[in-house]
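A lone chain, given as structure tokens: the form predicted alone.
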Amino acid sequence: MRKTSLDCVYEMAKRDERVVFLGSDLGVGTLDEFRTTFPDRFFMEGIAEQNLIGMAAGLAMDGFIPYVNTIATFLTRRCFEQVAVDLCLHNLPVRLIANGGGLVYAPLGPTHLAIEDMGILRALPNMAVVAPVDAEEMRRCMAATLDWPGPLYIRLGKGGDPVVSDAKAGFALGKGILMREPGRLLFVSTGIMSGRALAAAELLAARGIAAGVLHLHTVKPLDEAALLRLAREVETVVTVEEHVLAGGLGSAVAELFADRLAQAPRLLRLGLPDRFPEKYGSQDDLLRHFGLTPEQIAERAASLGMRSAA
């Protein structure tokens, strides 16, 4: 995903002189072609992420569209005040491309695990939060970012995730994509977990349980219209996210149902527990540890006592 997103930044820079790139201590060779072609629009600032956000804000105030790339925890935890005051308060068109969303950096431990990033930024006025499902959807997402009016956080997966998105479904920021029609059950997911939700729906289908999948690549602004329409058609909604349950996608869905539905469907929120992960290993190892493999998701959904499609 990261290579795809940065390649897209370079392609946009060739078409639009407003596009600039800012990186923080990224590896040698990152966007070499961009740096060679547009040296006056390429900045590598070292380990100074808070300064990086201030620079991006200044460039945006001068009419540029800055794309900032570094590790997700550094963009959120370390730079929260700068993101809030420099970017969101002024509603500036800065795009934060966040490496290692969720449990990607599992081998590095809790300091590098972005498990609360969406909740942190979802709370900020004017900030949009996006988590594409695969590299192909990332390509469509990046094309949509150029003209977005305010700040935007783009959560990257590890890369190499199976491509489950379909170009025919289109892409618009703030609009969900119904990947599978629901029966009595609807999975609502974001980022790479939409691929896991699709696989879980297939497993449930083999057990006679019809489950749909609504992929919300945009967690904020939420596609309220799609959620409310589908919520009225199903018995149960299961949210699935690679994020702590506090403040993430499940919280956003619960808030919407509480505010807008007199009779909401049963809601189960699947995600990470309210603690820092204590295990090391791979991303998949930690997803398994926290019950978020397709098999575990399907079993947890089935345990709700869903009736079969028959």
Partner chain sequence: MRSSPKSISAALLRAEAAFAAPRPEEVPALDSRSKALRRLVVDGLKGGGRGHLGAAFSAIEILRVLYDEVLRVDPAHPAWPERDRLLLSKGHGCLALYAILADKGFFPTDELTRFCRFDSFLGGHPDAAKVPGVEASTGALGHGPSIGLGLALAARLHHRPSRVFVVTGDGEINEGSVWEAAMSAAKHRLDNLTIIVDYNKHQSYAATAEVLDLEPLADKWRSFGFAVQEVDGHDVAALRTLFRALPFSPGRKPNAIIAHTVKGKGVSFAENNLAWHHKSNVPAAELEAVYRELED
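Positions refer to the first chain, counted from 1. None of these values were measured; they are calculated from a predicted model.
One more form of this protein should be noted, the form predicted together with the partner chain, which is absent from this view; the next part is about it.
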**Fill in**
Only one of 251-259, 266-274, 50-58, 29-37 sits within 4.5 Å of the partner chain in the predicted bound form by heavy atom distance, namely 50-58
**Item:** Asp62, heavy atom within 4.5 angstroms of the partner chain in the predicted bound form
**Value:** yes
**Message:** Just checking whether Leu89 would be counted as a contact of the partner chain in the predicted bound form - the rule being heavy atoms within 4.5 angstroms.
**Reply:** yes
**Message:** Even though the partner isn't displayed, in the predicted bound form is Glu45 close enough to the partner chain, meaning a heavy atom within 4.5 Å?
**Reply:** yes
**Message:** Under a 4.5 Å heavy atom criterion, is Val85 part of the interface with the partner chain in the predicted bound form?
**Reply:** yes
